[in-house]
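Just the one chain here, laid out as structure tokens, in the form predicted alone.
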Amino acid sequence: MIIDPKGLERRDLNALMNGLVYPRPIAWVSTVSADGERNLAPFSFFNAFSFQPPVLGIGPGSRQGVNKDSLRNIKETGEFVVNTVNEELARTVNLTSAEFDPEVDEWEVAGAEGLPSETVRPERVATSPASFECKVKQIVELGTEERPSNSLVIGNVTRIHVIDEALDGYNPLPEVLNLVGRMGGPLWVTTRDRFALPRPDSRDPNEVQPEAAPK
């Protein structure tokens, strides 16, 4: 099947893209408005795009042409925190994905405890295994005036917080982090099943070291 995305309704295109591009990591994003109102919301349009400098990107959307609370807060303050999500937090994080009115405090809905950040105003989630304090580098509007869509928020990472037991030196331990991801529709996915594929030597791409073979 060959599909022209311009011919699809928003709902169908959303189902198609989310069901084909996965697993997507989850950013539980904490922000504050210029007036100090807190917001906490998950986004699976999220990834890392550079490590030197460390840069993360999230894709918050709009609701009928109006910026969602997270995006509005980020535009007002230029700051946000990306909190990672493990399996133990998944159901709590999902609670904050509802389309609440701006006056609702998602921190209270989730029963989430905050800890002070060092370089930005939004707090980080105390129970998140890793959090990234970010300052906006650039915001790219992906829609048009006629068809509002997501914005690509690109942030420079200014601080990284990781629970001690999840690090071996500076090497994160996936079995301790136990992060989860999103698939299409209501499906989430764990990251417990893993296999190793060593990067091939350009001189002999077919050669694989026995000790690095998939387990």
Ligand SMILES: Cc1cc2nc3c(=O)[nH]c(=O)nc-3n(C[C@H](O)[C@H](O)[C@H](O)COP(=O)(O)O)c2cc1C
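These numbers were taken from a predicted model, which means no experiment stands behind them. Start at 1 and count along the sequence shown; that's the residue number.
Beyond the structure shown, there is the form predicted together with the ligand, which is absent from this document and is the topic of what follows.
The contact with the ligand in the model of the complex, taken as any heavy atom within 4.5 Å, belongs to 59 out of 172, 59, 54, 184.
The listed set 97, 92, 127, 77 contains one residue whose heavy atoms approach the ligand in the model of the complex to within 4.5 Å, identified as 97. Contact check for residue 68: a non-hydrogen atom falls within 4.5 Å of the ligand in the model of the complex. None of the heavy atoms of residue 133 is located within 4.5 Å of the ligand in the model of the complex.
Put simply, residue 158 is far from the ligand in the model of the complex: not one heavy atom of it is within 4.5 Å. Using a 4.5 angstroms threshold between heavy atoms, residue 150 counts as touching the ligand in the model of the complex. Residues of 44-59 lying near the ligand in the model of the complex, listed in sequence order, are 44, 45, 59, the criterion being any heavy atom within 4.5 Å.
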